[in-house]
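To begin, one chain is listed below as structure tokens, in the form predicted alone.
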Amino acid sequence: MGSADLPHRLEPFGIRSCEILSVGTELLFGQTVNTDAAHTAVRLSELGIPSYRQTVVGDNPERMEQAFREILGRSDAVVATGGLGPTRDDRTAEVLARVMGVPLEQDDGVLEAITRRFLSTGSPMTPNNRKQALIPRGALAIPNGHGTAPGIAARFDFHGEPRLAILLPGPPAEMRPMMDRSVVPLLEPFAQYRFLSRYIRVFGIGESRAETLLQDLVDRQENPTLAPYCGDGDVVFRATLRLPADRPEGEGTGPDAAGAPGPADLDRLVAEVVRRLGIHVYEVGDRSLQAVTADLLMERGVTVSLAESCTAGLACALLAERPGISAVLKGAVTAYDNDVKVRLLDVPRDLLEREGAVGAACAAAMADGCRSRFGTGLALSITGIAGPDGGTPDKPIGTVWLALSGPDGTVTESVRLAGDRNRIRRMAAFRGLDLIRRRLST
């Protein structure tokens, strides 16, 4: 639905800010994770529509109305999710109608679609499902291809100012396709700007150290901008260029006639970040560390095997997420017990007795034995102390040794990881994959 398809009642105006309202007592109680707000925030950001606040409110009509009025009193638009079902506590459409000062009216097209859906599934349609066909007067119903609750789009005056309200059902399987296929095109004509963003993904360097290396770029108040945030074990820098919404995609690469920044300025910012952070940058884009590592192995045709102790197969499982990895991933040994290290990986028993299972010598022997056993180009080993017990003054909990065996020799690496048992194990697996990545990237 582009701007030419919008009915007059949704005549676009420039949205300066849009807020997200999540409706549902289950969200307040923590029974349901609010993934709807995250999905909505990403889409608004991609559209270039600023979003500065998110609000969660339970299924209480008075508090819902208060939330709507507060949001619309300070922002041009609101995207609300939840509360569009058939039960008595689903009151979002009713509350919005009250805020708009209009009655609810039956939309015959929506009622027909609901009826057809029940007939197609063979399920009985109960009287309360008719409630979902009630739409605030003047609003537009948004089709729902995955459920019975339609979305609602309404443009109206609020204290003399134009406002836009979008209501979507709460179940993510319904909300996400409606947002992506219907709401995004609907919102595009309302955007004053659009944003081009690049994500620089970094591993093996802490957020504080990485930001220190880039402090001048983060602090500058120029377009494009650079902002850091933590991911799941990595650090991500988002470089973002703001462009006028009416500047055609791909129109030039440098500044426009007025000297405004263009995509080439974004490219230069990204290149400077990569230059400063060097080998720690594993991706400029959307791929995860495990996907980048798997792709490098496949692109170079390097076979790999793994010998894992404290991670118990996590690193192998992460690699196996990537389609096509079977072309290079030959196998793995979960050598949790020392006898398994001896029997399957040919780790000398006297080495284990003399130096223990957590150390450079054991890690190297595990990697060499694994590479010999599977006949692969590379073999990764991981051994460590994940806790909560087993630490010593010399080898505290979080001590992990990694080794990578290849045709040009075996390298070992030690890291000290913090967190609970599962975080230590997960981070150790990522460290191992990053060791492979760095070997193949140099």
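If you superpose the two forms and keep the largest set of C-alpha atoms that fall within 1.5 Å, you have the rigid core. Please read all numbers here as calculations on a predicted model, not as lab measurements. The first residue of the shown sequence is 1; numbering continues from there.
The following text describes the form predicted in complex with a further copy of the same chain, which does not appear among the structures shown.
*Asks:* Quick one: Phe29, Thr121 and Thr126 and a further copy of the same chain in the predicted complex, is every residue within 4.5 Å by at least one heavy atom?
*Replies:* Judged in the predicted complex, Phe29, Thr121 and Thr126 all sit within 4.5 Å of a further copy of the same chain.
*Asks:* a further copy of the same chain isn't shown here, but in the predicted complex which of Arg349, Arg343, Arg275, Arg300 has a heavy atom within 4.5 Å of it?
*Replies:* Exactly one listed residue reaches within 4.5 Å, namely Arg343.
*Asks:* So a further copy of the same chain isn't shown here. In the predicted complex, which residue out of Glu353, Glu321, Asp180, Glu105 has a non-hydrogen atom within 4.5 Å of it?
*Replies:* Flagged contact: Glu321.
*Asks:* Should Arg431 be counted as a contact of a further copy of the same chain in the predicted complex, where contact means heavy atoms within 4.5 Å?
*Replies:* Result no; Arg431 lies far from a further copy of the same chain in the predicted complex.
*Asks:* Would Thr92 show up as a contact with a further copy of the same chain in the predicted complex if we use heavy atoms at 4.5 Å?
*Replies:* Close contact is absent here: in the predicted complex, Thr92 is far from a further copy of the same chain, nothing within 4.5 Å, heavy atoms only.
*Asks:* Please check if Arg117 has a heavy atom lying within 4.5 Å of any heavy atom of a further copy of the same chain in the predicted complex.
*Replies:* Yes - in the predicted complex, heavy atoms of Arg117 and a further copy of the same chain come within 4.5 Å of each other.
*Asks:* Although a further copy of the same chain is absent from this view, report whether Tyr336 comes within 4.5 Å of it in the predicted complex, heavy atoms only.
*Replies:* Although a further copy of the same chain is absent here, Tyr336 would touch it in the predicted complex, with heavy atoms inside 4.5 Å.
*Asks:* Given a 4.5 Å cut-off on heavy atoms, tell me which of 105-113, 156-164, 128-136, 360-368 is the interface stretch with a further copy of the same chain in the predicted complex.
*Replies:* Heavy-atom contact with the partner occurs in 128-136.
*Asks:* Scan 305-319 and write down, in order along the chain, each residue with a heavy atom lying within 4.5 Å of a further copy of the same chain in the predicted complex.
*Replies:* In sequence order, Thr311, Ala312, Gly313, Leu314, Cys316, Ala317 come within 4.5 Å of the partner.
*Asks:* On a rigid core superposition, would Leu297 pass a 2 Å threshold for CA movement between this form and the one not shown?
*Replies:* Leu297: C-alpha displaced by less than 2 Å between this form and the one not shown.
*Asks:* Tell me whether Arg198 is among the residues that move between this form and the one not shown (Cα shift of 2 angstroms or more, core superposed).
*Replies:* Comparing forms between this form and the one not shown, the Arg198 CA shifts below 2 Å.
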